[in-house]
Ligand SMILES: Cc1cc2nc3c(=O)[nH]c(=O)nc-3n(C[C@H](O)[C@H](O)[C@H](O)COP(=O)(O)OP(=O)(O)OC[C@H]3O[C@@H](n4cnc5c(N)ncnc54)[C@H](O)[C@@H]3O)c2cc1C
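Just the one chain here, laid out as structure tokens, in the form predicted on its own.
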Amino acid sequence: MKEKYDVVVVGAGPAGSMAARATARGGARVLMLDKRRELGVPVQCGEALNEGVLKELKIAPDPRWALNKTNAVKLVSPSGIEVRIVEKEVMGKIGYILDRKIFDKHLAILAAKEGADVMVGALATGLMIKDGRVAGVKGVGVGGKFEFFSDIVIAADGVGSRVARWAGLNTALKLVDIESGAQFQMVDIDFESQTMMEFYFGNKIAAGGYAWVFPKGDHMANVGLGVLGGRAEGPAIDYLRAFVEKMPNLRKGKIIEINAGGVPVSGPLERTVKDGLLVVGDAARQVNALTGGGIDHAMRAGDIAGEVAAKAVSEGDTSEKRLMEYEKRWRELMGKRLERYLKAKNVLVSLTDDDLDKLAKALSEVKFEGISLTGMLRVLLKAHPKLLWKLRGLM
């Protein structure tokens, strides 16, 4: 099969679907490919998302995939000190716990409704290069081998992007730049509140990371954790089983689903543009290095990429210079924020459990209804000035 499109998007996750949607909306002929035969499967995500990005991209929450509203967080230190914060002003207004299996399909449907073609079960095996620039994608699908020529390829194929690597970008990740995650969907468990997300810290609980409990319904939740490569003494799932066994409200629960995956926590790629190529989402490492969350950044970056791609095609200029508009816009929107998250992650992994307990004790004595990272630091430094050296990277 050979065909010509204006734009080919590789990967139908949140970044790819938003890119395809915006490209089609801009009048370009676009094809979105994904190697999976069922989008949204397997889940490799804690499934939490703030409402802000949905409002920005004009996506109405649907109870089929927006399963549960959250408006508070509970942070628990290694020794059990609790910090409670009303989330409205903390983590991006009200949040939702998603069903990613349905959510990802919904985003792909939005792209299709705008006019994008979608092809599942289609594995990209390489790029077509013409005169030193990206000129299309080749691969194999349900109907056999294919070659799709295009003016622009958008790489939305996740962590360790092969598409970006084929185009000559350095996508190598060091062990310390990868967070390995494991998650159980559990039923018949108890938790404090259906509107509160819980986070647990400690090097024995999750080396270089944290554990979470995200309520997903009546006596049902996502229970997971992430550990940092090079810090963990075993696989993430072993840490997770130990965490569940330690928690009286979880240990009698039933596991109905197990998910695992890797998350880049290195900060974004140095370059996300080449002649005829844009890189978005996890492929571009547009991920919150502190939390490992990336759906919102991926969706925003995908939307920008699609808009820029459509305009570039209409102008007949898909050079790296023209496509740099994408890089400039996404870095202006989220670049500094992603840098702060990376600094915060590096600080967090340097803290001992005793440090974490001291920080939690300082925060637990303050009533928060809304807080910024700067405000939190002021509280911490006033309570424990000796920690100033470790926290300097966040100032």
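Heads up: residue numbers just count along the shown sequence, starting at 1. Here the structure is a predicted model, which is why all the values come from computation and not from measurement.
Unshown form predicted in complex with the ligand; subsequent notes refer to it.
Partner-proximal stretch of 245-253, 76-84, 292-300, 321-329 relative to the ligand in the model of the complex, 4.5 angstroms, heavy atom:
It is the stretch 292-300.
Please pick, from 229, 158, 267, 202, the one residue with any non-hydrogen atom lying within 4.5 angstroms of the ligand in the model of the complex.
Only one option qualifies, and that one is 158.
Contact residue in the model of the complex, chosen from 176, 109, 102, 123 - any heavy atom within 4.5 Å of the ligand
Exactly one residue meets the criterion: 123.
So in the model of the complex, does residue 212 come within 4.5 Å of the ligand, heavy atom to heavy atom?
Flag for residue 212 set to yes.
Exercise: residue 141 in contact with the ligand in the model of the complex, heavy atom 4.5 Å
Residue 141: no, not in contact with the ligand in the model of the complex.
Can you check whether residue 181 is within 4.5 Å of the ligand in the model of the complex, heavy atom basis?
Residue 181 belongs to the contact set for the ligand.
Although the partner isn't part of this model, could you tell me whether residue 15 comes within 4.5 Å of the ligand in the model of the complex, counting any heavy atom of the residue?
Residue-level check for residue 15: yes, a contact with the ligand.
In the model of the complex, residues of 253-267 near the ligand [heavy atom within 4.5 Å]:
Contacts from 253-267: 261, 262, 263.
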